[in-house]
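In structure tokens, one chain follows: the form predicted on its own.
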Amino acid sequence: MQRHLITSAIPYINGIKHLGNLVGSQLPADLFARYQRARGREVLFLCATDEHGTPAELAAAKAGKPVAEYCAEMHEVQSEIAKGFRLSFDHFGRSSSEANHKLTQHFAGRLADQGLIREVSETQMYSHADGRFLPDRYIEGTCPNCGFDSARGDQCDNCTKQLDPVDLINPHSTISGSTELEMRETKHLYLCQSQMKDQLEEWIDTREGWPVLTTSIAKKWLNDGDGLQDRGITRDLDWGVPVQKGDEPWPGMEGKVFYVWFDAPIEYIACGQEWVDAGKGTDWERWWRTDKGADDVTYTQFMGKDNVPFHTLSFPSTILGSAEPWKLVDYIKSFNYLNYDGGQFSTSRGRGVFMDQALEILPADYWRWWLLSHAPESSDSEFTWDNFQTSVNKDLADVLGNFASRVTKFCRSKFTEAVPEGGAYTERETRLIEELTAKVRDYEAQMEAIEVRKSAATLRAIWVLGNEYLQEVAPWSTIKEDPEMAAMQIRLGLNLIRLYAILSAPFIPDASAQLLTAMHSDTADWPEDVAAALEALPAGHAFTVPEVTFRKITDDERADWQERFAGVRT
């Protein structure tokens, strides 16, 4: 049996994420996990909240709560929203867990033993107004590379260039807004990534079929300018994983914590331990250690392009540098950005649709379908309300929902609420089955390759085949001359509904479950043989006419939502 370990980028704890965050990692990861489970494969799908570092401290301070309390509350909020979007995590963990503390300290000790951590006396930005050293993410300014005016002290989110706070133009404290900053001396630990360059490059070159976006970003960081740089892994903060070598104190590092980008990826592994501790699974090591059976696991990560450098270089430096048999990622599926209606999503300006707001408007499947069918794979994509309305109305309501409604209501009206008997296939049905089989095989190949938009387009094409067949054979006319022929056509149509529900489940799980329930189908086996799947519901099998599977979005709703989520334009 194939085994698939799947992780998506772990979201920061500081607030509810927007639709761009969702489609850039968690949602396509869920699509892939659901598909692999549907094919009968063993899956472990892990995610967590990223709870350390500047974003957590700032958000907690803004909320007027202790940071630990704030993180616990927001973990629950994000967990519930994930359930609302039907994200099928086997475990949704926390980077502040005891498991992650111990594992992070373990890796630090191993790296030190391998000579891959060095102590550096350096100058760091100090804020007089705040009375403290400012970690990189407490400092913002203008990027010297692209001119983006909200670049952070460690990286520009616009051009992805790695930065130091001193590189920023007009830097200021994100705590107080003060520009009264000076450089003072402090000591920190650095991960010697430069020593890992050749090993990392060799490893990346052995990864097969990675997206161009993933490899191009990794290669750029490896070879741009002076090449891969050593990177600080500690910070002067109170909230985080205390700096230790395993269980031993680290002399000179008292009061410091590990940098969030060091401990956050380690949470992927720790999350497996949390999964076992929560009583949801057993033997996490068979997923994560190659000496315990993980050598036959296929490990796939999903993330936005801004996370690629850390997952192709920094985290692998930790894993490889430890000289222990940990499972390395096999495939990184990276995504570009989803923009919002002519601009960017903005939390501060209230611009764009955030995950909790989306679920207040419409059920999860409406959003899942649009986001996945418009996933920003080859380039940035843009959410517009016109496009959203058109996609929902034409794809979901007119094609899939309308097919299920027409077939079931016609059968109830002209026969009964049971699959009718009589009639035999003609050349037209044989051709339909051949066309469906070819499309299903295409769909499978695209899903295996994680070609999200192509998979959605092929799934829609499968729905369309049924509609075209129904229009062509016109059972409402056939029944007048040949009731048995009409019965066969409708029997095939009812089985198509079941087939569509099974194939569509990774994209639109709620609608799939509704249609399977309406078809009184106790099984949802993957259609390895499409012809056989179209005979799964025999004559006499009862069904129920489903409620409206997808309703249409009205022009008034579209206009109202477009105005409501426009935010404050500047």
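Residue numbers run from 1 along the displayed sequence. Model, not experiment: these values are computed from the prediction.
Missing here is the form predicted together with the RNA; even so, the following discussion is about that form.
For the chain shown alone, Lys245 is not a contact residue for the RNA in the model of the complex, no non-hydrogen atom being within 4.5 angstroms. At least one heavy atom of Ser381 is located within 4.5 Å of the RNA in the model of the complex. In the model of the complex, the RNA lies farther than 4.5 Å from every heavy atom of Ala559. A residue is said to contact a partner when one of its heavy atoms sits within 4.5 Å of a partner heavy atom; Lys394 meets this definition for the RNA in the model of the complex. With the partner omitted here, the residue from His374, Arg86, Arg231, His188 that has a non-hydrogen atom within 4.5 angstroms of the RNA in the model of the complex is His374. Exactly one listed residue, out of Asp398, Glu201, Asp236, Asp295, brings a non-hydrogen atom to within 4.5 Å of the RNA in the model of the complex: Asp398. Only one segment in the set 134-142, 174-182, 471-479, 286-294 has any non-hydrogen atom within 4.5 angstroms of the RNA in the model of the complex, and it is 471-479. The candidate spot formed by Lys102, Ala129 and Gln273 lies out of contact with the RNA in the model of the complex, as no residue has a heavy atom within 4.5 Å of it. Contacts between stretch 452-486 and the RNA, counted in the model of the complex as any heavy atom lying within 4.5 Å, involve Arg453, Lys454, Arg460, Val464, Asn467, Glu468, Gln471, Trp476, Ser477, listed in sequence order.
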